[in-house]
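What follows is a single chain, given as structure tokens, in the form predicted alone.
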């Protein structure tokens, strides 16, 4: 069994619960051990870095310092959130290429009795680990339910492949790793040139019109290719395209109902897990129609399409996440 030090980030226990549940499920089949970074903290997402570099990077580097204490045969930190992955790699890289900056960050860490030596850890996104560490042949060998007939748009988002300091991905603009993984599961990967286009990030709270335009562009591109669903590797991308799809429809007077799922959920389906074991039903735009192509059922959950326009002057807010039956969630995480 390969062991990884896991940095979960803030989303995995909230908006990205389906990601967390499905990741833990497939890790058993793949024979990988996952241990959370003890006492981890938020990576600061994207805003903090533009406000004050030293405290922002100290906040990120604290997680690396804590993870370096847990090295026990493996020095690889696995991140599932794209923003978290990017921040962790940027902190490690910038401390290494600018020793004076690294000293300044370690001086800040000393207040908590910590320090971090850049390069002490390998930081990898879960997609990188699955494709390059575990390998597509092993993944293919675990497939019990090929995803034949399922048309999938691969959406990686803008943060994972760039900047790619360690050259882990095939290309900054059109990386093929997610495509290859989905194809190894038997899915039909549609032509999707927008695989690294921005989902808008927090623009839904800053400039909703801009955000809706970006979301519409992505969802429409997948719909134009007659995709049954979009698959992503980023909690922010999944939340924007799923939770704000109803608002976007209202804004443009469209009626898209494009399910937005995490790639680990499709891996789990191909491995033979039931939808209830992989967090299905937590999406707001229901995956029912897509799953029916595999002869499977999913809980009905189409509340994103029913979101109404907010009162004038108020920012758009997504509908609450559907509640997963406790019995199903308990079963999925055991």
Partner chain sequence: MTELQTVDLPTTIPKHKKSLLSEVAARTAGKSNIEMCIQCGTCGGSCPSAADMDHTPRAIFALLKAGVRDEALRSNTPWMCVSCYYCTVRCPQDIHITDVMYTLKNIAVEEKIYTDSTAPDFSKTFINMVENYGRSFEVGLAGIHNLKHFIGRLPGMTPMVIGMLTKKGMPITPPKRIKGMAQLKKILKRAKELEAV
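Numbering follows the first chain given and starts at 1. What you see is a predicted model; the values in this text were computed from it and never measured.
Just so you know, the form predicted together with its partner chain exists too; it's not on screen, but the next bit is about it.
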> Taking 20, 181 and 223 together, does each of them reach its partner chain in the predicted complex with some heavy atom inside 4.5 Å?
Replying inline: no
> Which of these stretches, 70-78, 160-168, 182-190, 226-234, has heavy atoms within 4.5 Å of its partner chain in the predicted complex?
Replying inline: 160-168
> Going by a heavy atom distance of 4.5 Å, is residue 172 a contact of its partner chain in the predicted complex?
Replying inline: yes
>> Is residue 283 near its partner chain? Define near as a heavy atom within 4.5 Å, in the predicted complex.
In response: yes
>> Within 4.5 Å, heavy atoms only: does residue 48 come near its partner chain in the predicted complex?
In response: yes
> Any of the heavy atoms of residue 214 lying within 4.5 Å of its partner chain in the predicted complex?
Replying inline: yes
> Between the options 134, 176, 109, 143, which residue brings a heavy atom to within 4.5 Å of its partner chain in the predicted complex?
Replying inline: 109
> Going by its partner chain in the predicted complex, which residues of 30-53 come within 4.5 Å of it through any heavy atom?
Replying inline: 38, 39, 40, 41, 42, 44, 45, 46, 47, 48, 49, 50, 51, 52, 53
